[in-house]
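Single chain ahead, written as structure tokens, the form predicted on its own.
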């Protein structure tokens, strides 16, 4: 399961999405999240699902990468679907047994929420798959630059966010390595009661924390040796520039927003 977590990984290839400005990709990701939560029926949600599929095809990132990012979220999707099926009482009753009542409205909402979560995970994964961490740091810093008026260290904030995202795959590999080492010594993580399995994770967590602190110290030492002192007076080798393709993508997303609003207005009664 840990090997299926692909958050923070970058997939190197040449595609229109990879060549887009990192700032625009961040803006479009936030806009996508806003639009997806505005969807109120399957007609509007299908627009966002189609937009997600087209974006994935343009990115040239294999679908298996997105399926791997979805696998850890499957339990959350299933729990959300089950809760909606049993607690939504709208629509025609399909099954009624004891305290369990399943209606068409519950099934509709469960499927609707599942598709919405899948679109959100895929869109978020697309951002990290197609953006180098250094460019993502610069993009976050540029977009948050107005906060400097309030004396907020935007560069430090952006660096912290990007480093946390960058080290997720590294920590996952570390967990897998420590777990395999403990299994080779006879540790059992799969049998026994729940509390026994929780206690069995202690020999994994302690080395993990030690390794994480060691990596943090090594990183800070390396940054100090390179005379890193924050964003003051820092210059950039690559300058960010918006291209015509960036504004074209923004126009497509704004058109999708308008389409969702129109479809919500005309088809709300179908919910």
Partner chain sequence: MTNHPILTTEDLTYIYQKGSKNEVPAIQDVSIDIMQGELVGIIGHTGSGKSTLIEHFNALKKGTSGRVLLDGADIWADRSKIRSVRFHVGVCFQYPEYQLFEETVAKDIAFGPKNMGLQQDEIDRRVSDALSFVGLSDAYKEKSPFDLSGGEKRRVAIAGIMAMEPQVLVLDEPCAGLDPRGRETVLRMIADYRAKTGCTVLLVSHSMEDVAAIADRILVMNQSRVAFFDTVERVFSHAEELQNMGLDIPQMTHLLLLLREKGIDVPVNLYTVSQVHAMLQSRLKGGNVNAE
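Positions refer to the first chain, counted from 1. Source: prediction; values computed, not measured. In this text, the rigid core denotes the largest set of C-alpha atoms whose superposition between the two forms falls within 1.5 Å.
The same protein also has a form predicted together with the partner chain, omitted here; what follows describes it.
A.B. asks: Quick check on this chain: which one of 104, 182, 80, 153 has a heavy atom within 4.5 Å of the partner chain in the predicted complex?
C.D. replies: Looking at the other structure, the residue within range turns out to be 182.
A.B. asks: Using heavy atoms only and a 4.5 Å cut-off, determine which of 222, 244, 216, 210 is in contact with the partner chain in the predicted complex.
C.D. replies: Result of the distance check: 210.
A.B. asks: Please tell me whether any heavy atom belonging to residue 30 falls inside 4.5 Å of a heavy atom of the partner chain, as the geometry stands in the predicted complex.
C.D. replies: Looking in the predicted complex, residue contacts with the partner chain do not include residue 30, since no heavy atom lies within 4.5 Å.
A.B. asks: With a 4.5 Å heavy atom cut-off, would you call residue 173 a contact of the partner chain in the predicted complex?
C.D. replies: Because no heavy atom of residue 173 falls inside 4.5 Å of the partner chain in the predicted complex, the answer is no.
A.B. asks: Can you tell me whether residue 203 touches the partner chain? I mean in the predicted complex, with a 4.5 angstroms heavy atom cut-off.
C.D. replies: Residue 203 belongs to the contact set for the partner chain.
A.B. asks: Given that the partner chain is not shown alongside this chain, does residue 196 nevertheless sit within 4.5 Å of it in the predicted complex, heavy atom to heavy atom?
C.D. replies: Outside the cut-off, so no.
A.B. asks: Quick one: which of 140 to 148, 153 to 161, 173 to 181, 119 to 127 gets within 4.5 Å of the partner chain in the predicted complex, going by heavy atoms?
C.D. replies: Every other range fails; the passing one is 173 to 181.
A.B. asks: After core superposition, I'd like to know whether residue 179 moves between this form and the one not shown (criterion: C-alpha shift of 2 angstroms or more).
C.D. replies: Shift at residue 179: 2 Å or more after core fit.
A.B. asks: Superposed on the rigid core, does the Cα of residue 64 end up 2 angstroms or more away between this form and the one not shown?
C.D. replies: For residue 64, whose C-alpha is compared between this form and the one not shown after core superposition, the shift is less than 2 Å.
A.B. asks: Once you overlay the rigid core, does the Cα of residue 37 travel 2 Å or further between this form and the one not shown?
C.D. replies: The answer is no, as the C-alpha of residue 37 shifts between this form and the one not shown by less than 2 Å after core alignment.
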